[in-house]
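Taking the form predicted on its own, here's one chain by itself in C-alpha coordinates.
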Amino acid sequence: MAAKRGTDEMRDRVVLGEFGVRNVHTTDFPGNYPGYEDAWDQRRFEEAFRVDIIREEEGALEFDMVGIDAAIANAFRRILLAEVPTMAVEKVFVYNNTSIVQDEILAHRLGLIPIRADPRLFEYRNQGDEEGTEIDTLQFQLKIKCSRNPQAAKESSDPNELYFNHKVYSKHMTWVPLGNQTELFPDADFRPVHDDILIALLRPGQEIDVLMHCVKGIGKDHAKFSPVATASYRLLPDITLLQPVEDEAAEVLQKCFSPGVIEIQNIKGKKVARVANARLDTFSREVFRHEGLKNLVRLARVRNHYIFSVESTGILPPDVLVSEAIKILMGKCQRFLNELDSVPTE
(Lines give C-alpha, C1' and ligand atoms only; values in the text may rest on other atoms or scores of the structure.)
Protein backbone atom coordinates (compact mmCIF):
# COMPACT_ATOMS: atom_id res chain seq x y z
CA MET A 1 0.00 0.00 0.00
CA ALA A 2 2.85 2.40 0.86
CA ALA A 3 4.51 1.60 -2.48
CA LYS A 4 1.26 2.38 -4.31
CA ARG A 5 0.94 5.69 -2.48
CA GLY A 6 4.51 6.55 -3.47
CA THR A 7 3.80 5.67 -7.08
CA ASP A 8 0.62 7.75 -7.09
CA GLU A 9 2.51 10.72 -5.69
CA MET A 10 5.22 10.34 -8.32
CA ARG A 11 2.62 10.24 -11.10
CA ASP A 12 0.28 12.96 -9.85
CA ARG A 13 2.33 15.47 -7.83
CA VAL A 14 5.41 17.61 -8.28
CA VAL A 15 6.83 17.83 -4.74
CA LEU A 16 8.77 20.86 -3.50
CA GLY A 17 11.43 20.10 -0.94
CA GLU A 18 13.71 22.34 1.06
CA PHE A 19 16.57 22.14 -1.43
CA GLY A 20 14.99 20.80 -4.59
CA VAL A 21 11.98 19.64 -6.54
CA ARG A 22 10.99 16.00 -7.01
CA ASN A 23 8.90 14.19 -9.61
CA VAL A 24 9.45 16.84 -12.24
CA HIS A 25 9.40 14.57 -15.27
CA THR A 26 6.29 12.86 -16.58
CA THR A 27 6.30 9.16 -15.73
CA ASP A 28 2.83 7.98 -16.72
CA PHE A 29 3.72 6.37 -20.03
CA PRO A 30 2.58 2.85 -21.04
CA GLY A 31 4.35 -0.01 -19.29
CA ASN A 32 6.31 2.12 -16.83
CA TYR A 33 4.40 0.89 -13.76
CA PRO A 34 2.88 -2.59 -13.40
CA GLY A 35 -0.84 -2.43 -12.71
CA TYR A 36 -1.34 1.02 -14.27
CA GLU A 37 -3.09 1.33 -17.61
CA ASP A 38 -1.41 4.38 -19.08
CA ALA A 39 -1.99 3.77 -22.77
CA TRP A 40 -3.72 6.67 -24.54
CA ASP A 41 -7.48 6.35 -24.49
CA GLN A 42 -9.67 9.04 -26.01
CA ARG A 43 -12.72 8.21 -23.93
CA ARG A 44 -10.75 8.38 -20.68
CA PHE A 45 -9.18 11.67 -21.76
CA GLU A 46 -12.55 13.23 -22.61
CA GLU A 47 -13.93 12.22 -19.23
CA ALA A 48 -10.98 13.70 -17.32
CA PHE A 49 -10.38 16.86 -19.35
CA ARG A 50 -12.18 20.07 -18.41
CA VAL A 51 -11.84 23.85 -18.56
CA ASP A 52 -13.13 25.95 -15.65
CA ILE A 53 -13.49 29.74 -15.91
CA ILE A 54 -12.34 31.17 -12.57
CA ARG A 55 -12.25 34.92 -13.13
CA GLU A 56 -13.24 37.05 -16.09
CA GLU A 57 -12.70 40.80 -16.13
CA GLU A 58 -12.23 43.44 -18.76
CA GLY A 59 -8.88 42.66 -20.27
CA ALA A 60 -8.06 39.67 -18.02
CA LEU A 61 -9.11 36.04 -17.83
CA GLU A 62 -8.15 33.28 -15.42
CA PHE A 63 -9.16 29.70 -16.11
CA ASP A 64 -8.15 26.17 -15.20
CA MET A 65 -7.24 23.57 -17.79
CA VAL A 66 -7.28 20.14 -16.20
CA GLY A 67 -6.24 16.78 -17.62
CA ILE A 68 -3.58 17.71 -20.20
CA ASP A 69 0.16 17.31 -20.55
CA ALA A 70 2.68 20.11 -20.03
CA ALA A 71 3.60 20.08 -23.73
CA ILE A 72 0.02 20.89 -24.77
CA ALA A 73 -0.32 23.59 -22.09
CA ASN A 74 2.91 25.23 -23.22
CA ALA A 75 1.94 25.01 -26.90
CA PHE A 76 -1.29 26.80 -26.05
CA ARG A 77 0.63 29.52 -24.18
CA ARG A 78 3.07 30.02 -27.04
CA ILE A 79 0.24 30.33 -29.56
CA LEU A 80 -1.35 33.05 -27.44
CA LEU A 81 1.93 34.95 -27.34
CA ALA A 82 3.13 34.53 -30.89
CA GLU A 83 0.53 33.23 -33.34
CA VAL A 84 -2.80 34.95 -32.72
CA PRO A 85 -2.81 37.82 -35.27
CA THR A 86 -3.45 41.51 -34.60
CA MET A 87 -3.20 44.82 -36.48
CA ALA A 88 -0.20 47.08 -35.82
CA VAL A 89 1.64 49.95 -37.48
CA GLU A 90 4.09 48.54 -40.03
CA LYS A 91 5.00 51.50 -42.24
CA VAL A 92 5.35 55.15 -41.22
CA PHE A 93 5.58 57.84 -43.89
CA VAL A 94 7.19 60.90 -42.31
CA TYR A 95 6.23 64.14 -44.09
CA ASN A 96 7.45 66.45 -41.36
CA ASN A 97 9.01 65.84 -37.97
CA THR A 98 10.71 68.76 -36.23
CA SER A 99 10.39 67.29 -32.74
CA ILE A 100 13.41 66.09 -30.78
CA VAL A 101 12.32 62.48 -31.39
CA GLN A 102 14.23 60.98 -34.32
CA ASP A 103 12.19 59.58 -37.21
CA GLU A 104 13.15 55.95 -36.54
CA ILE A 105 12.41 56.25 -32.81
CA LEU A 106 9.07 57.88 -33.58
CA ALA A 107 8.20 55.05 -35.99
CA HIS A 108 9.16 52.48 -33.37
CA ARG A 109 6.97 54.12 -30.72
CA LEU A 110 4.02 54.29 -33.11
CA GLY A 111 4.44 50.61 -33.96
CA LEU A 112 4.08 49.59 -30.33
CA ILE A 113 0.75 51.38 -29.83
CA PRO A 114 -2.02 48.72 -29.74
CA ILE A 115 -4.70 49.38 -32.36
CA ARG A 116 -8.33 48.50 -31.63
CA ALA A 117 -9.20 46.71 -34.86
CA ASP A 118 -10.48 43.16 -35.26
CA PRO A 119 -7.81 41.34 -37.32
CA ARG A 120 -10.41 38.82 -38.48
CA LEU A 121 -11.82 41.53 -40.75
CA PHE A 122 -8.58 41.83 -42.72
CA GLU A 123 -6.27 39.72 -44.87
CA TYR A 124 -2.51 39.37 -44.57
CA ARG A 125 -0.64 41.83 -46.74
CA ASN A 126 1.36 40.20 -49.52
CA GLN A 127 5.11 40.47 -49.10
CA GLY A 128 6.56 43.14 -51.34
CA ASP A 129 3.33 45.11 -51.77
CA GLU A 130 4.10 48.82 -51.57
CA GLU A 131 0.53 50.08 -51.57
CA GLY A 132 -2.09 48.88 -49.13
CA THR A 133 -5.67 48.06 -50.02
CA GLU A 134 -8.93 48.26 -48.10
CA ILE A 135 -8.80 44.54 -47.28
CA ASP A 136 -5.28 44.40 -45.83
CA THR A 137 -4.39 47.88 -44.53
CA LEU A 138 -5.61 50.43 -42.02
CA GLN A 139 -4.37 53.98 -42.48
CA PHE A 140 -3.88 56.48 -39.64
CA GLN A 141 -2.70 60.06 -39.70
CA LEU A 142 -0.91 61.98 -36.97
CA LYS A 143 -0.70 65.70 -37.72
CA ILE A 144 -0.15 68.10 -34.84
CA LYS A 145 1.71 71.37 -34.23
CA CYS A 146 2.63 73.09 -30.97
CA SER A 147 1.93 76.79 -30.45
CA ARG A 148 2.05 79.32 -27.62
CA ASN A 149 -0.98 80.20 -25.54
CA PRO A 150 -1.43 84.00 -25.82
CA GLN A 151 -3.71 83.96 -22.77
CA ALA A 152 -1.10 82.39 -20.46
CA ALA A 153 0.05 84.41 -17.43
CA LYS A 154 3.49 85.94 -17.89
CA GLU A 155 4.84 84.54 -14.64
CA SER A 156 3.60 81.00 -15.40
CA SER A 157 6.15 78.22 -15.95
CA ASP A 158 3.65 75.41 -16.44
CA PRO A 159 3.86 73.99 -19.99
CA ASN A 160 0.19 73.05 -19.78
CA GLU A 161 -0.62 76.75 -19.52
CA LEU A 162 2.07 78.11 -21.81
CA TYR A 163 1.56 75.88 -24.85
CA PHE A 164 -1.12 74.25 -26.96
CA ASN A 165 -0.56 70.64 -28.16
CA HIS A 166 2.80 70.31 -26.42
CA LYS A 167 2.03 66.69 -25.59
CA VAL A 168 1.37 64.30 -28.47
CA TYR A 169 -0.89 61.44 -27.40
CA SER A 170 -2.23 58.40 -29.16
CA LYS A 171 -5.66 60.07 -29.19
CA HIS A 172 -4.31 62.41 -31.86
CA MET A 173 -4.07 59.48 -34.30
CA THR A 174 -7.05 59.55 -36.67
CA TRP A 175 -8.28 56.85 -38.99
CA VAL A 176 -8.14 57.71 -42.71
CA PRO A 177 -10.31 55.22 -44.66
CA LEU A 178 -8.71 53.52 -47.63
CA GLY A 179 -10.77 52.77 -50.73
CA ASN A 180 -14.30 51.76 -49.78
CA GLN A 181 -13.55 51.05 -46.11
CA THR A 182 -16.28 53.50 -45.10
CA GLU A 183 -18.82 51.21 -46.79
CA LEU A 184 -17.10 47.99 -45.71
CA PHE A 185 -16.98 49.02 -42.03
CA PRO A 186 -19.87 51.47 -41.49
CA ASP A 187 -19.89 50.97 -37.70
CA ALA A 188 -16.14 50.63 -37.23
CA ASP A 189 -14.30 52.65 -34.63
CA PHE A 190 -10.68 51.98 -35.54
CA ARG A 191 -8.41 53.77 -33.09
CA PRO A 192 -5.67 53.16 -30.52
CA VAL A 193 -6.75 51.06 -27.55
CA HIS A 194 -5.66 53.76 -25.10
CA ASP A 195 -5.97 57.50 -25.74
CA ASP A 196 -3.35 58.59 -23.21
CA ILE A 197 -0.19 56.95 -24.57
CA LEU A 198 2.45 59.70 -24.74
CA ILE A 199 4.25 59.73 -28.10
CA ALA A 200 6.35 62.91 -27.99
CA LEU A 201 6.78 66.34 -26.37
CA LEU A 202 6.74 69.46 -28.53
CA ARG A 203 7.62 73.11 -28.15
CA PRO A 204 6.26 76.09 -30.11
CA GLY A 205 7.01 75.78 -33.82
CA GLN A 206 7.67 72.02 -33.68
CA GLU A 207 5.28 69.68 -35.47
CA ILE A 208 4.74 66.07 -36.46
CA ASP A 209 3.05 65.06 -39.70
CA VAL A 210 3.10 61.32 -40.43
CA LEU A 211 0.95 58.74 -42.18
CA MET A 212 0.83 55.18 -40.83
CA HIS A 213 -0.11 51.88 -42.45
CA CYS A 214 -1.33 49.15 -40.08
CA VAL A 215 -1.18 45.56 -41.32
CA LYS A 216 -2.06 42.13 -39.97
CA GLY A 217 0.74 40.14 -38.37
CA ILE A 218 1.71 37.74 -35.59
CA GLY A 219 3.97 38.05 -32.57
CA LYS A 220 6.38 35.49 -34.02
CA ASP A 221 7.34 38.11 -36.64
CA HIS A 222 7.43 41.09 -34.26
CA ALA A 223 6.45 41.64 -30.62
CA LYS A 224 4.21 44.57 -31.59
CA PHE A 225 1.72 42.08 -33.05
CA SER A 226 1.42 40.07 -29.81
CA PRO A 227 -2.20 40.37 -28.58
CA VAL A 228 -1.46 39.72 -24.91
CA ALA A 229 0.39 41.70 -22.27
CA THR A 230 1.04 38.38 -20.56
CA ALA A 231 -0.05 34.79 -20.98
CA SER A 232 1.21 32.38 -18.35
CA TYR A 233 0.30 29.24 -16.49
CA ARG A 234 1.24 27.55 -13.24
CA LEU A 235 0.44 24.23 -11.64
CA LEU A 236 -2.27 24.12 -8.99
CA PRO A 237 -0.68 24.24 -5.50
CA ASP A 238 -1.37 21.35 -3.15
CA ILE A 239 -0.53 21.87 0.53
CA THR A 240 -0.95 19.03 3.04
CA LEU A 241 -0.53 19.25 6.80
CA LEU A 242 1.02 15.95 7.87
CA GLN A 243 0.28 16.52 11.57
CA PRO A 244 -1.96 18.85 13.55
CA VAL A 245 -0.43 22.31 13.99
CA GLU A 246 -1.72 24.16 17.03
CA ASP A 247 -1.44 27.37 19.07
CA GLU A 248 1.74 29.43 18.47
CA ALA A 249 2.96 27.04 15.79
CA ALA A 250 -0.31 27.59 13.90
CA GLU A 251 0.21 31.35 13.91
CA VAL A 252 3.78 30.99 12.68
CA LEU A 253 2.60 28.59 9.97
CA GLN A 254 -0.04 31.06 8.80
CA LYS A 255 2.59 33.76 8.32
CA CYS A 256 4.72 31.43 6.19
CA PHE A 257 2.14 31.40 3.38
CA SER A 258 0.34 33.97 1.26
CA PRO A 259 -2.73 35.60 2.84
CA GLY A 260 -5.77 33.35 2.73
CA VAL A 261 -3.89 30.07 2.34
CA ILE A 262 -3.87 29.02 6.00
CA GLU A 263 -6.68 29.83 8.39
CA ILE A 264 -6.79 29.29 12.15
CA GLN A 265 -9.82 27.69 13.75
CA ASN A 266 -10.72 27.59 17.44
CA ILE A 267 -11.39 23.97 18.35
CA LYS A 268 -12.01 23.15 22.00
CA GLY A 269 -10.10 26.21 23.09
CA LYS A 270 -7.09 25.51 20.89
CA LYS A 271 -5.93 27.36 17.81
CA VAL A 272 -5.68 24.81 15.00
CA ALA A 273 -4.31 25.53 11.54
CA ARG A 274 -5.97 24.22 8.39
CA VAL A 275 -5.43 24.73 4.68
CA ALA A 276 -8.17 27.11 3.50
CA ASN A 277 -7.21 27.88 -0.10
CA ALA A 278 -3.94 26.46 -1.41
CA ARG A 279 -4.59 28.06 -4.81
CA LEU A 280 -3.55 31.47 -3.46
CA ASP A 281 -0.04 30.38 -2.50
CA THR A 282 3.07 31.35 -4.46
CA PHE A 283 5.29 28.73 -2.80
CA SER A 284 7.99 30.91 -1.28
CA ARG A 285 8.94 27.85 0.84
CA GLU A 286 9.27 30.11 3.86
CA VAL A 287 8.04 27.24 6.04
CA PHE A 288 11.33 25.39 5.52
CA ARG A 289 13.14 28.05 7.51
CA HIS A 290 11.38 26.86 10.68
CA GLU A 291 12.82 23.66 12.12
CA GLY A 292 9.65 22.87 14.05
CA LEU A 293 7.39 23.19 11.00
CA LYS A 294 9.25 22.03 7.92
CA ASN A 295 8.55 18.35 8.57
CA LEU A 296 4.85 18.96 9.25
CA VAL A 297 3.94 20.25 5.79
CA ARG A 298 4.12 18.76 2.31
CA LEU A 299 4.27 21.26 -0.55
CA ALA A 300 3.33 19.94 -3.96
CA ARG A 301 1.70 20.87 -7.22
CA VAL A 302 -0.91 18.91 -9.15
CA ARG A 303 0.84 17.70 -12.28
CA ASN A 304 -2.02 17.97 -14.79
CA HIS A 305 -3.93 20.98 -13.38
CA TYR A 306 -2.88 24.24 -15.03
CA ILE A 307 -3.98 27.70 -13.92
CA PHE A 308 -3.87 30.01 -16.94
CA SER A 309 -3.76 33.79 -16.72
CA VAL A 310 -4.35 35.76 -19.91
CA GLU A 311 -4.13 39.56 -19.97
CA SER A 312 -5.11 41.20 -23.25
CA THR A 313 -3.55 44.39 -24.62
CA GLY A 314 -7.12 45.49 -25.34
CA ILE A 315 -7.16 44.75 -29.05
CA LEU A 316 -9.48 41.78 -28.50
CA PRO A 317 -11.17 40.50 -25.32
CA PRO A 318 -9.22 37.70 -23.61
CA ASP A 319 -11.99 35.13 -24.14
CA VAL A 320 -11.82 35.80 -27.89
CA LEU A 321 -8.04 35.41 -27.82
CA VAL A 322 -8.37 32.05 -26.08
CA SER A 323 -10.92 30.79 -28.62
CA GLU A 324 -8.72 31.98 -31.50
CA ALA A 325 -5.71 30.20 -29.96
CA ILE A 326 -7.74 26.99 -29.74
CA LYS A 327 -8.66 27.28 -33.43
CA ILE A 328 -5.01 27.76 -34.37
CA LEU A 329 -3.99 24.73 -32.29
CA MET A 330 -6.73 22.66 -33.95
CA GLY A 331 -5.47 23.80 -37.35
CA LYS A 332 -1.94 22.71 -36.48
CA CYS A 333 -3.19 19.30 -35.42
CA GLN A 334 -5.21 18.93 -38.62
CA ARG A 335 -2.22 19.83 -40.79
CA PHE A 336 -0.14 17.24 -38.95
CA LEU A 337 -2.79 14.59 -39.53
CA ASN A 338 -2.98 15.53 -43.22
CA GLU A 339 0.78 15.15 -43.48
CA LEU A 340 0.58 11.70 -41.94
CA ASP A 341 -2.16 10.70 -44.38
CA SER A 342 -0.13 11.94 -47.34
CA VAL A 343 2.92 9.80 -46.49
CA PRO A 344 2.92 6.77 -48.82
CA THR A 345 2.80 3.40 -47.10
CA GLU A 346 4.61 0.35 -48.39
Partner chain sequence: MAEEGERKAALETVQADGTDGNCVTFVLHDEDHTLGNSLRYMVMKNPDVEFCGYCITHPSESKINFRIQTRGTLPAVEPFRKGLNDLMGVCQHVLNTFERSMKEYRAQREEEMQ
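Positions refer to the first chain, counted from 1. By rigid core we mean the largest C-alpha set that fits within 1.5 Å across both forms. Not measured: the values here are computed from a predicted model.
The same protein also has a form predicted in complex with the partner chain, omitted here; what follows describes it.
Only one of 73-81, 99-107, 236-244, 143-151 lies within 4.5 Å of the partner chain in the model of the complex by heavy atoms, and it is 73-81.
Mapping the unseen interface onto this chain, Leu280 falls outside it, with no heavy atom inside 4.5 Å of the partner chain in the model of the complex. In the model of the complex, the partner chain lies within 4.5 Å of some heavy atom of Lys220. Contact annotation: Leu61 falls within 4.5 Å of the partner chain in the model of the complex, judged by heavy atom distances. Under a 4.5 angstroms non-hydrogen atom cutoff, the partner chain in the model of the complex lacks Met10 among its neighbouring residues. Residues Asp319, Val322, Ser323, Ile326, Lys327, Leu329, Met330, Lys332, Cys333, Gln334, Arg335, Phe336, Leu337, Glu339, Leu340, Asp341 are the ones in 310-343 with at least one heavy atom within 4.5 Å of the partner chain in the model of the complex, listed in sequence order. Relative to the superposed rigid core, the position of the CA of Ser323 differs between the shown form and the other one by less than 2 Å. The Cα position of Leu337 differs by 2 Å or more between the shown form and the other one after fitting on the rigid core.
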